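Just the one chain here, the form predicted on its own, laid out as structure tokens.
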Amino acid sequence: MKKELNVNHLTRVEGHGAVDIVIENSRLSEIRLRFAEGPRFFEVITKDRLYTEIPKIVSRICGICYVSHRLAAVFAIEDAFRVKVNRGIELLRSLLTVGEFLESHSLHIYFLALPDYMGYPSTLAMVKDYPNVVKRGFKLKEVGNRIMKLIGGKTVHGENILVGGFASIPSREELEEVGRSLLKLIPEIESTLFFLDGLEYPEFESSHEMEMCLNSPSPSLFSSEVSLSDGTNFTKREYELFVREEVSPYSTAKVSKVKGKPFLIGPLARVNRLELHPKVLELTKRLKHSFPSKNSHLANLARAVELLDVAYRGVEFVEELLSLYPFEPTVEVNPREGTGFGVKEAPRGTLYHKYTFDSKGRCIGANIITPTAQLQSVIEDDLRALVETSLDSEDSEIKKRAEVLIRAYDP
């Protein structure tokens, strides 16, 4: 007997996807995770465009993590033109990333994942019974949005981020206000952390053998080196030698593997492997759940850990920025022929941009590898393991468990 379970529209994910589960003679026969977004051809659109246009174009890949796409493109262009920015610009970019992580992670925790664990169809349905929990989600998100608007120019697709720096920098008073906002937010994030730690998560162990993230102490800090959990480190220029992309027969997103295997990226991989801020590390020792962990559902708890890490880092970024203030918002950029590489930790995983330019700074080639493409294989492997342990359950329960697991990845 053969049956096929289909979730044709994955809800509460930051993209468009579907999953097909084929069960034959009471055994799992096939899993197909289909990211169904239409091809958008961003790598082709950048061809013949002047380097100043590239960050504007590729930031449209994602409305949630536009900062990561824009900065990864800027890093690659500056690498190609051998641009070196000052410390003030570096810090402002890191503070901007703090805003992006606050906005994206709080959106995911409170508005996409939490209804699953609280037994509600949506966050709006939780308002009557848990008004303060919902308010906390809005508060975290609002501070992230304000930082992105102040530094990036707008909460979505801000044009203040340039190759070589920023069109303008915040005033001293505005930076001081950001520091105060982050300090006020820390107790709210700690409450979020312990609230998520108190939830019951399905017992599950992922079969993935490899984890990958930038070789950096924090997702809000930048690096040109990538680290694998087997001890291998490689440079951004070697990215495509390790992360190999394949075309999927049933998904518009490509499938990525490293050393021929699916691999984990994103909050759980980072919290498993990065050195957390000392104050965050101390707090995590009091949690019921511990890291490193191979339970993919704990990615939600890992997001809360990262929220606290970026908030503490953000306060330190502000203090150092004020000590350097005022600083030049931009440095000189001189186009030249060559290829540049940019890597960055986006909220949902490692992001890679590569561009080749002619002598006038026009793009003649591009490659972008998104977190969604890199996660597809490991999500499918996890779904396979999950369904094989759920075959005696009702069809509706199998589909529900599959959706909850996929949402933990924030694909």
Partner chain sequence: MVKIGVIGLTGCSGCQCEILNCQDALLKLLSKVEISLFPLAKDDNLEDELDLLFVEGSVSTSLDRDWLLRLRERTKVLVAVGSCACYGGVQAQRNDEVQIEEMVKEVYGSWKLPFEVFKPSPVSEFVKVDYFLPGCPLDKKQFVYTVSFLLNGVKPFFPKIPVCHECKLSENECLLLKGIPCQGPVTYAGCGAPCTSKGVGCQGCRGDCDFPNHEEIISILTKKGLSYEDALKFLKVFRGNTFRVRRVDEKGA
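Values in this document were obtained by computation on a predicted structure and should not be read as measured data. Residue numbers count along the first chain shown, from 1.
Although it is not shown, the form predicted together with its partner chain is what the next lines describe.
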*asked:* Can you pick out, from Gly153, Pro202, Gly338, Gly198, the residue that has a heavy atom within 4.5 Å of its partner chain in the predicted bound form?
replied: Gly153
*Report the residue, out of His277, Lys257, Arg273, His157, that has at least one non-hydrogen atom within 4.5 angstroms of its partner chain in the predicted bound form.*
His157
*Contact test in the predicted bound form: Lys399 vs its partner chain, heavy atoms, 4.5 Å*: no
*With the cut-off set at 4.5 Å between non-hydrogen atoms, does Thr252 touch its partner chain in the predicted bound form?*
yes
*Classify Asp48 as contacting or not contacting its partner chain in the predicted bound form by the rule of any non-hydrogen atom within 4.5 angstroms, answering yes or no.*
yes
*Does Ala385 reach its partner chain in the predicted bound form, with heavy atoms at most 4.5 Å apart?*
no
*Heavy atom distance at most 4.5 Å to its partner chain in the predicted bound form, all of Val44, Arg60 and Lys149*: yes
_Which is the contacting stretch out of 135 to 143, 208 to 216, 89 to 97, 227 to 235, given heavy atoms within 4.5 Å of its partner chain in the predicted bound form?_
135 to 143
*Taking its partner chain as it sits in the predicted bound form, which residues of 359 to 387 have a non-hydrogen atom within 4.5 Å of it? Please list them.*
Arg362
